[in-house]
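What follows is one chain in structure tokens, specifically the form predicted alone.
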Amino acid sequence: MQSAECKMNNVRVMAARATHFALCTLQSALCIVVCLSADDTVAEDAPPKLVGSASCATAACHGGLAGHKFVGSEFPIWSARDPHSRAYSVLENDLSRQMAALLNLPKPAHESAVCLNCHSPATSVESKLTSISGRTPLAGVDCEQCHGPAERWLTEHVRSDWKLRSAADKQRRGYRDLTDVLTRANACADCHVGGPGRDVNHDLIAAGHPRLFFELSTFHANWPKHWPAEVDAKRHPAVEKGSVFEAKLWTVGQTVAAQRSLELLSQRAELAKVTPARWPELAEWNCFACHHDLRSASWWQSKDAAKRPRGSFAWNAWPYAMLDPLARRVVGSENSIPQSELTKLRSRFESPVLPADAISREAIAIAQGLRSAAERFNRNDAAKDVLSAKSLAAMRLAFVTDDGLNLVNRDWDSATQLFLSLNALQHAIVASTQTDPEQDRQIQAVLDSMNETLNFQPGLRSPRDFAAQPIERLQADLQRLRKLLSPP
């Protein structure tokens, strides 16, 4: 039985929701009137303005709830399930208040650009986005933050000829076509890797911000979707049968994450010219070489590098661990990944004295090569070679037999990226061709075992004692995978 107070609270909640829906409906109607009355020409000299995601929330658009179908109910699914819908609200929790205090921010987290640039870009004082009719932008990471400011495409995208328009025309109107995997990867990387004004550096991490572990295929698999998943598969058909969408997520995602990380490195090095005290940026090194929950503190007293923990005093391996293995399995100059240049840049991080100018130049040059590789992987004709089921299977076997031992012996970042890559390739192979269900079950069991080994222990935020025993378990799992994947 509910108490009278509980019943009254429920009534208040329902009334608040009804009021919010009414306001959304009214705002949507106003937005549509403004857009319909606007000139259809596209101004090239001014960026498009925000309309507000309330314009998407009506039942006639993306706010329907009938049968809880995907199509027509994207907004309520996003608002109820997607963590992006709560990106702004977390800035008012205890951790964010603590971080603002430790960072000596002049304003609370929910008013500071360093936080809002990712958690609520439209409301940040550094935002270049403005709203139509002078309205205050909505807080959070909403529809327009991913799909683009809707001033010039809101009414256009409901017309019958919208799908016939070229990608360039849609882009001119401010629309971001997320059906394209490369566009999707770059949209995610803006915040989940970072860039100017969006740098989760050592200061933020030390204050309590989670370290950024971006891997597109993994994020995508775990992301609550407000669209039918089969739509992605249909838009990226394989040459033989099935879909190359999962394969694109991994190859494009790995390449873009590395590219954007190198661009961020270059920007950090450039800042050293203005504020030398900010260089080197400690977030560029392996976090767990210094920060790990150890029972003994004797390792750093050893002068013998062989006795130090794996990965100590080394460049951050997370964005780059799979680049060399991927490059060795990809043929053709169009797909080339600059391995030798990357090796040279990695060697610079073996010393605490880092030449900022040289690192900035080298990082941006490698990033340009990776951008070209990502564009190639994103093209559908890549399915004929790099993304064919046969090529993916050969790549997976090579990762297990040739690259796996080196990666699991290097550090936790590299071992985890290997596991995520093998998991992504397994899903990609199943999606692109006919496989043996029993073998798939056995492969997944091994991958689950690797996942359990790599998980942090309860109460810890780093991989304690990632040494002999965990590595031996991972090596045993790789041996099991080798037997499953090797031809009879």
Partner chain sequence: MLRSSRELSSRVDINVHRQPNRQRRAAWWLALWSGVGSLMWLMLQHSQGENQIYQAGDVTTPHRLIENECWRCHTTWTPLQRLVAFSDDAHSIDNKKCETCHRVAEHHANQIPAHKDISCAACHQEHEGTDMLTRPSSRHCIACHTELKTTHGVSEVFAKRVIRFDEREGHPEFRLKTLLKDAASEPPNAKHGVNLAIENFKRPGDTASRWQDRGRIRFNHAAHLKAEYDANGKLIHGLIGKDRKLTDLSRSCEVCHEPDQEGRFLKPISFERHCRECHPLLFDHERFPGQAVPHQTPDIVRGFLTETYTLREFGSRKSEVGLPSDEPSRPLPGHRDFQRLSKDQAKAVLDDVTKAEQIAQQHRHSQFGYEATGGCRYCHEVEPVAEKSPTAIADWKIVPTNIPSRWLLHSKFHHEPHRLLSCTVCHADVAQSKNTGDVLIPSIDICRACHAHRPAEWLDGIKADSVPKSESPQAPPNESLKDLLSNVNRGARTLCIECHVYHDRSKNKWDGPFVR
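Numbering follows the first chain given and starts at 1. Since we're looking at a predicted model, the values are computed, not measured.
Another form exists, predicted in complex with its partner chain; not displayed. Remarks below refer to it.
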Item checked: is_contact(Leu50, its partner chain) in the predicted complex, heavy atom dist at most 4.5 Å -> no
Check: Is the gap between Glu246 and its partner chain in the predicted complex 4.5 Å or less for some heavy atom pair?
Finding: yes
Note to self: Taking its partner chain as it sits in the predicted complex, is Leu420 near enough to touch it, meaning that at least one heavy atom pair lies within 4.5 angstroms?
What the structure shows: yes
Note to self: in the predicted complex, does Gln439 come within 4.5 Å of its partner chain, counting heavy atoms only?
What the structure shows: no
Next item on the list: Quick one: from Ser261, Asn286, Ser217, Ser120, grab the residue that has a heavy atom within 4.5 Å of its partner chain in the predicted complex.
Entry: Ser217
Notebook entry, point to check: Of the options Arg165, His157, Arg379, Arg97, which one has a non-hydrogen atom that comes within 4.5 Å of its partner chain in the predicted complex?
Noted result: Arg97
Next item on the list: Tell me, please, which stretch of 410-418, 390-398, 336-344, 368-376 lies within 4.5 angstroms of its partner chain in the predicted complex when heavy atoms are compared?
Entry: 410-418
Notebook entry, point to check: For 440-455: residues with a non-hydrogen atom within 4.5 angstroms of its partner chain in the predicted complex?
Noted result: Asn451, Glu452, Leu454, Asn455
